[in-house]
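Next up: just one chain, as structure tokens, the form predicted alone.
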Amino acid sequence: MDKRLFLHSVAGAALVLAASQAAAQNTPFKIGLILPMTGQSASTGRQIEAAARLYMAQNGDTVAGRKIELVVKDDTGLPDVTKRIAQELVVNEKVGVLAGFGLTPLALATAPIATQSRTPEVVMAAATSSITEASPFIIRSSFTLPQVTVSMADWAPKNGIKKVVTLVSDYGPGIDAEKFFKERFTFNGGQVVDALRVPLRNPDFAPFLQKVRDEKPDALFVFVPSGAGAAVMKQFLERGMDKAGIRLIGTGDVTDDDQLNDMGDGALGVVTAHHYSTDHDSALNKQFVAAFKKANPGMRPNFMAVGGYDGMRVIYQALKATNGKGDGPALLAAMKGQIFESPRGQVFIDAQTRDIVQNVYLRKVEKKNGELYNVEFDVLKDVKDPGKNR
């Protein structure tokens, strides 16, 4: 009798477990997309949300039997708001993944919540090297500033640029860009004659640019976050710095594809290093750009869009690999090591660093069919984040 009761109890427990697993499989899998939809970085939020929704439209809203639900929240670009939203999404919405994060402080504010709740945090935009070290649950689908900065510091001295002033936004990615550019450029025989930092919020570039003009370097190296490049370009041209023989170089944030046409012909010839251009010549990218423009009239996909698009791919494939269970640690394990063709080219999620390994392209602004594009003219293959090699 005891044995029979024991077997009944085991069978009952198994049924309860199976029922709970079935219930979990029948509940939607929620992705909490935290983005700056208003405020200074609103263009970043618009690009990433548009790309995430495009990915879902192309790949369906059901994965391994789970209905995918995108829960979009506006953090207005403020870390305290991001943290509160992340807590609410984990506790109340029971999201399986936290994603988005338009700026470094926003990604870092969420890191402790990702760790405590064992929820993967997919960083689709923020680019400071150290972000993935803030939590073992962070995966990045965007890029890092050292990846693209070092490539520019290698190109510049080979092309007649010996003296440079750096101008960066004064926060994590900007400090990364300033540091890694100076180290590599100096190593290559160049000289950084001044290093200027502009406030992140409500920046006024004018006094800094006047100082650069007075110093007369061969070039000005610039990093500003997505959305701020147009202001830099406008004031650079207004001060006649191009006519004074000062070249403008930088990371691709400066000649953001989403804003490039509004910058006018003064942007022609500007050279930048970055991991994605709307003009990237591949069949997959041409399909991506056409679909994005059709779904979002008046918008051109930029590097933020590709970070969001690929981030959704990483989530979908991980959910598929775990048969829809959605368990945090299992999802994280399935995200590590993914290798796939992106609209930007071949990419790889490094299992050790949880950071993205990708090509970095040197590009020059040119006019094609009446529009301005970042046209790639050289490539560095499979670039790891130099910030992790220390």
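Predicted model, so just to flag it, every value in this text is computed and none were measured. A residue's number is simply how far along the shown sequence it sits, counting from 1.
The same protein also exists as the form predicted in complex with a small molecule; that form is not shown, yet it is the one meant from here on.
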The small molecule contact in the model of the complex: residue 303, any heavy atom under 4.5 Å: yes
The small molecule contact in the model of the complex: residue 278, any heavy atom under 4.5 Å: no
Distance check, residue 121 to the small molecule in the model of the complex, heavy atom within 4.5 Å: no
In the model of the complex, residue 226 touching the small molecule (heavy atom, 4.5 Å): yes
In the model of the complex, segment of 188-196, 202-210, 125-133, 86-94 with a heavy atom within 4.5 Å of the small molecule: 125-133
Every residue of 102, 145 and 253 near the small molecule in the model of the complex, heavy atom within 4.5 Å: yes
